[in-house]
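In structure tokens, one chain follows: the form predicted on its own.
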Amino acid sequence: MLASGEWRDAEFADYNVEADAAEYTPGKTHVLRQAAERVKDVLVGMGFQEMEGPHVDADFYINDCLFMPQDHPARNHWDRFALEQPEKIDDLPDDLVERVERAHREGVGSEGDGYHSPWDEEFARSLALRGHTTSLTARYLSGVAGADVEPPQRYFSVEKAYRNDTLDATHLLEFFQIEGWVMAEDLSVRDLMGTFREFYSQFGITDIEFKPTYNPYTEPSFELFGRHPETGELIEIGNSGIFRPEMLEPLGVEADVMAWGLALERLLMLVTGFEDIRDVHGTLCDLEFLRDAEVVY
């Protein structure tokens, strides 16, 4: 009515300030924020420190430092939110850019072979909304963030990421990612799986399954699945692996690093039993659910 101007000729009922209304406590912390704070408490209790970094970053930190080839389908303009103004960043470390480019073109070590695909520094300097918070990990491991990167180290973040996904019950254009990594000597997949079992057990989740997968920046790699308490279906809740030498060597890291990206909204699904991510985000959110749901501490 506002857009068409129909409100000018419409008749509206008088506003009765004495009418009965549903009572609820206003100003409650959003259930997703409750989950984020609980995740932070758990990870700090497990010995992790929190990372911070920009939502808008150079493609260099978002993808190139992760040994993601520049012709990868996920890096085209349909799948990333690129900026028009400013379009690029100027202050990338020259020596780091050179090492990362060499890894892409030639690989590292005696067994590395690189991608033999196009690599353009101008593309690496282009700015975009981060598609994952692993850009923070790249900044910290490379020393750009100013953190101590000598092993042993444990870092995490619970921050937003942005992807041009198709909207459905488990996907939105923006979401919270639980990023984490551990740097130490002689890490194994058993260490990574044990970390997940310990983390999810703090939320009463013990039915976790693992599935091998492929990532350009980790080997071995696997996805995590949890069973929804209402539907009984397995839903993907995260991705993880051991960082490849092609990623770590250009960043100057000599120890092993295991890392992961977990979905906060899907963790909340397993905790509370809601089935649609749009119940907690946006204009279609379930207000009754938001008022009543609690994340148990």
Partner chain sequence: MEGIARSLRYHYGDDRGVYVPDTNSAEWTIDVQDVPDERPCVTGAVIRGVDLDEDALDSLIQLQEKLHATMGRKRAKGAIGIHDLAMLKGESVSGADGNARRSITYTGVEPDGDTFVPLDDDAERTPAEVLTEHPTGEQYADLLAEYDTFPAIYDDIGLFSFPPVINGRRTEVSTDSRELFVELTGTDQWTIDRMCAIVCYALDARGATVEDVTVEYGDTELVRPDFEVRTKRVPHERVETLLGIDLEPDEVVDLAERAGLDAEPEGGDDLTYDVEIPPYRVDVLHPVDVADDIGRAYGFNELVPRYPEVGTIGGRTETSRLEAAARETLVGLGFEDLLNFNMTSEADNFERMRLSPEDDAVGAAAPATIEEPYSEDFTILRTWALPSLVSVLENNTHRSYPQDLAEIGFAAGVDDATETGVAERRTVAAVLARHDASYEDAKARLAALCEEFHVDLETPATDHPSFIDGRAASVVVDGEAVGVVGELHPAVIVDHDVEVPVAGFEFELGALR
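What we label the rigid core is the largest C-alpha set whose atoms superpose within 1.5 Å from one form to the other. Residue numbers count along the first chain shown, from 1. Small disclaimer: the values here were computed from a predicted structure and weren't measured.
What comes next is about the form predicted together with the partner chain, which does not appear here.
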Practice problem: Using the partner position in the model of the complex, report whether Asp286 sits within 4.5 Å of the partner chain, counting heavy atoms only. | Solution: yes
Quiz prompt | Partner contact for Arg105 in the model of the complex: the partner chain, 4.5 angstroms, heavy atom | solution = no
Quiz item: Should Glu52 be classed as touching the partner chain in the model of the complex when contacts are defined as heavy atoms within 4.5 Å?
Solution: yes
Quiz item: Are any of the heavy atoms in Glu37 no more than 4.5 Å from a heavy atom of the partner chain in the model of the complex?
Solution: yes
Quiz item: Relative to the partner chain in the model of the complex, which residues of 147-164 have a heavy atom no more than 4.5 Å away?
Solution: Pro152, Gln153, Arg154, Phe156, Glu159, Lys160, Tyr162, Asn164
Practice problem: Establish whether a shift of 2 Å or more occurs at the C-alpha of Ala184 between this form and the one not shown, with the two forms superposed on the rigid core. | Solution: no
Quiz item: Has the Cα of Asp71 moved 2 Å or more between this form and the one not shown, judged after a core fit?
Solution: no
Self-check item: Core-aligned C-alpha movement of Asp168 between this form and the one not shown, 2 Å or more
Solution: yes
